[in-house]
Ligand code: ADQ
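Coming up is one lone chain in structure tokens, specifically the form predicted on its own.
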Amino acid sequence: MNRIHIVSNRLPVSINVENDDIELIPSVGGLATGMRSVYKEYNGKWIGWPGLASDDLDDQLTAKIEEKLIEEDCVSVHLSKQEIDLYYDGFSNRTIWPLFHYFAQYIDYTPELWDAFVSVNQKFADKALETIEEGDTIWIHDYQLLLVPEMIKSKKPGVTIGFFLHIPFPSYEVFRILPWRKELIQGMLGADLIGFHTFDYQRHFCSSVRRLMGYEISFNEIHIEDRIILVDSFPMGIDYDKFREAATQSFQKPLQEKSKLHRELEKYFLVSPERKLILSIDRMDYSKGIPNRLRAFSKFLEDYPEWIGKVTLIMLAVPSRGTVEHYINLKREVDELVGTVNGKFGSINYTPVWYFYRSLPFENLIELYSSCDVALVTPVRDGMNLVAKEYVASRTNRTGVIILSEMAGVAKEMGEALIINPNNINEIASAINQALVMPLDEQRERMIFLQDRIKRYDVFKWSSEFVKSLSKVEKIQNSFNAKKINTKIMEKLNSEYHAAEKRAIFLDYDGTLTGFRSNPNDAKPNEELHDILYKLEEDPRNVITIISGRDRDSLEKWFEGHKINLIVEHGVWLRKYQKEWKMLTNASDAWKPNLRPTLETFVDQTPGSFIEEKNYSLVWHFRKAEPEQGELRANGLRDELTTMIANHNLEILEGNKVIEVKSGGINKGLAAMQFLQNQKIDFIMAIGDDWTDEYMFRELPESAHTIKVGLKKTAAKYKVESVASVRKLLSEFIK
């Protein structure tokens, strides 16, 4: 793999300016830790905002900062105060953040915020485009840069792009309320690999792609016009050894080297050796469930009064977005709840809740993780939540219990924790009691499993797995490009085409010559297609045949006046130019009355679906149905029909959003070969998009030029991306 560049909202360093002296302070967050090794190892750059508003910097200071950042292989995207306000504090955190965390009541729909978001995303993309070269790989991070993948891909398609979302992706029913929903999806689809913390987020994203964009999704592959996009889940880890070693060293320090907090904790345990500590660490954010946590702790003391005076909740709330109204109200609510709990259950010698509204240095966090018997991690919605993993890594004696919200992404990996619903106050209160009375043997048994798992899949494993998947998607794209018709192949086809004395050209219709429509009758040929076919027909050496699953009447009507042959219903009927319709094989429709009621039942059960009746087949269409329901019903119909047609000469065809039952022993391959009998043809070309066209690709002679439309695996020699590519290809022959 060539160079890997990282793009994120912030650079992995903080900038300290004192008397024109510039100091770069490395960030200690999980992302900075995991990514630092990636972009350094692969000789890349890290592109991001340096953290200072460009309005506050003069040209000289900006130049000094740039010089320092270049030494760290960092590339800065400078933002003004207004851009930070509208793009970051605005659309990112007042629109996307509440939407993706299911707080629809807080969403700000101001168009000005969206405009700023687009503008700043373009700034990041432009800076990336200046930095990267064709063949490079770029890994883009998080919700602030959702539009950047497409902005880069549209300008440099040869660059492999990864995107990772560090927050939840909401269900379609929530996501659809955003006016700019399609634009966000389109932006993300510029990536070749899209990663999420959990399979649930991956599933929600794919559902939105299917419903909003109509793209086909097979397992974890999204098939768009010119690429296959991989979607997968990669649960983010922590630097396990860093926390483990820091916790070990913390206990080994002599008294004079211990922090004030550490000495206070030890003093506390000396005075009250039986006292239990519960730890709560979060940003002050409405997604973290802090008020519910306090209410649950109050309920716990009320239901289990024997613990009053014996247990303390240490609550650390890190300040966040303190100028936003929702956050101001949240802090006020938390302050009041802390006062209520302490007033109701406290005494001169006992404070139930120790409340700190500030951030703490890493050393103090380790001391809290190491000293507290229980970690209370109860967000109402959280992408991952690394606090739970940090607590586990810091428990050197392998004791301690985690009470964990089922709404946090990390819950999928931590089944040994006490899993609760963060909105169920009674359940949390009961879990607190269960955690406090849990025997040490059970605590150790649970903690050993958790530590082994978290150590095994740390932040470095997470980043390396994502990089491996980037290599995998690169191979998939290369595999497609190997069969893709390029300039050299086109020259070869053109040369053989013009040298031929007689040419047979087989063209599928839907998905090949024209795009799919919700109503099949709307897929009529337009003026451009008519014009291409008329020009091909002018050459007497061309024998053109449209070979389709459609019915006779539609194609006969649509192509009246054309000098072409028609093979319809997958090979049942043939009408040569200026001849009558002829059956290519014996077929019967006597079976239809037996199967039609089954298809009608599925129409009744699936709004938007309908039946199309052909001479010797019945087709169930579900393109207009809800995507997930349509796929589910299609599987059920296929299974039911498979049982019903046993011992009958019938076949089931699965096309693009259709299930078709037809007489057996009929396919496009046999029809094409039958058509070619007794004809002297020295150039054969067949183009199709469907798996029914695979019969044709396999049956035609080895010398035939078979072309698949789309990205799926195929027996065809070549591939093109789309209907537009097919029309362009045919137009090349008539220049």
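All residue numbers refer to positions in the sequence shown, first residue = 1. Quick caveat, the model's predicted, so the values are computed rather than measured.
One more form of this protein should be noted, the form predicted together with this ligand, which is absent from this view; the next part is about it.
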### Candidate stretches 310-318, 450-458, 346-354, 615-623 - the one whose heavy atoms come within 4.5 Å of this ligand in the predicted bound form
310-318
### Message
I'd like to know whether H166 contacts this ligand in the predicted bound form, with contact meaning heavy atoms within 4.5 angstroms.
### Response
yes
### Task
Would you please decide whether N385 lies within 4.5 angstroms of this ligand in the predicted bound form, comparing each non-hydrogen atom pair?
yes
### Query
Heavy atom to heavy atom, is D282 within 4.5 Å of this ligand in the predicted bound form?
yes
### Query
Using 4.5 Å between non-hydrogen atoms, is R541 touching this ligand in the predicted bound form?
no
### Query
Which one, E390, E569, E660, D508, lies within 4.5 Å of this ligand in the predicted bound form by heavy atoms?
E390
### Query
Can you pick the one in V324, I476, L360, L261 that has a heavy atom within 4.5 Å of this ligand in the predicted bound form?
L360
### Message
Please tell me whether the candidate spot formed by W97, H197 and L365 is one where all three residues come within 4.5 Å of this ligand in the predicted bound form (heavy atoms).
### Response
yes
### Task
Could you list the residues in 228-242 that come within 4.5 Å of this ligand in the predicted bound form, counting only heavy atoms and keeping sequence order?
M236
